[in-house]
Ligand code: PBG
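Just one chain is shown here, as structure tokens, and it is the form predicted alone.
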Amino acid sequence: MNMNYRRTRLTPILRNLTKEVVISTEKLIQPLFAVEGISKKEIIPGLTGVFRETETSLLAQIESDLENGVNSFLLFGVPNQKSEKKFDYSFTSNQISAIKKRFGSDVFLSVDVCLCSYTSHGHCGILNDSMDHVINDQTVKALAESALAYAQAGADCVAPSDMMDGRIRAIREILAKNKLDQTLLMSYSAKFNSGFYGPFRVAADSAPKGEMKLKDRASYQIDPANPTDAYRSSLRDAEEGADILMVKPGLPYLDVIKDLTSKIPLPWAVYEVSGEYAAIELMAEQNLINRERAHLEAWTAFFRAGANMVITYGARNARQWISKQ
């Protein structure tokens, strides 16, 4: 038998009809950075078209994103006041309230739950007196309190990214206790100790800093060489009440995405992190790659591996990029 596979590749219409993975803006989530104390929006190195937003520019940007077909967002609040143990969640909560008051159910608003932008040292939790270890239980308590504040402010979804043990159960319990059962919980369940987070840490003011023994996040984020750890952590978070699970970063972990999505039957998000996104942008600036084609190819890989949704800094450009293909 003559096995002619090229017949279905001959024209654009045929290629679209037979395409197994279809990218649409409805499947993409746009990160947002709300920064307290800045007077105008600020450029983020490497993240073309993404900004550290003021309270006013944040709303204008969301309005623009809605016009471009994006209706799902992941908000990162960056307060001006830092601390080591006691945290004020009012700035981020106020941004949530303003967004929901302005846009209501037209947007699906997830809010990152972590302490890295709140702490004076930049770590994702409360440190011990020796500054060499994140105290798990104290951190979990603070994370649950922040998740509650964000849910009460109107967040549709809270998304803990800290990688502490037991924080999913604690957040689910505090939400239930306060009659917020309908708030979704999206867990960064497989977050790796990656070298691809650089531009984000500038945007969120979240890089570890100061004089301390704990120089990186290796003691609480997953080692890139331990995929079994990612499975165990994700399974636990599913059992503790997460509605959506996540793998972060994306492209270096396609094997992990494929494995986890086949084993744990929950909706899965993949976060195309700042370093991944910036790499394409920097190559495009040097005319070494076609920007639109490369971004769409990366997203296709995530969906092909099993993602239900992709968090990407380019969501607001997706409609335009798709139209050019």
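Each residue number is its position in the shown sequence, starting from 1. Small disclaimer: the values here were computed from a predicted structure and weren't measured.
Although not depicted, the form predicted in complex with the ligand is the subject of the following passage.
- Of the candidate stretches 38-46, 272-280, 255-263, 51-59, only 272-280 has residues whose heavy atoms lie within 4.5 Å of the ligand in the predicted bound form.
- Contact annotation: of the candidates Cys124, Met186, Ile171, Ala151, the single residue with a non-hydrogen atom within 4.5 angstroms of the ligand in the predicted bound form is Cys124.
- Interface residue remark: Cys116 is counted as part of the site for the ligand in the predicted bound form, having a heavy atom within 4.5 Å.
- Mapping the unseen interface onto this chain, Phe200 counts among the residues with a heavy atom inside 4.5 Å of the ligand in the predicted bound form.
- The closest non-hydrogen atom of Asp112 lies within 4.5 Å of the ligand in the predicted bound form.
- Residue contact check for Ser233: none of its heavy atoms lie within 4.5 Å of the ligand in the predicted bound form.
- In sequence order, Arg217, Gln221 are the residues of 209-225 having a heavy atom within 4.5 Å of the ligand in the predicted bound form; the partner itself is omitted from this view.
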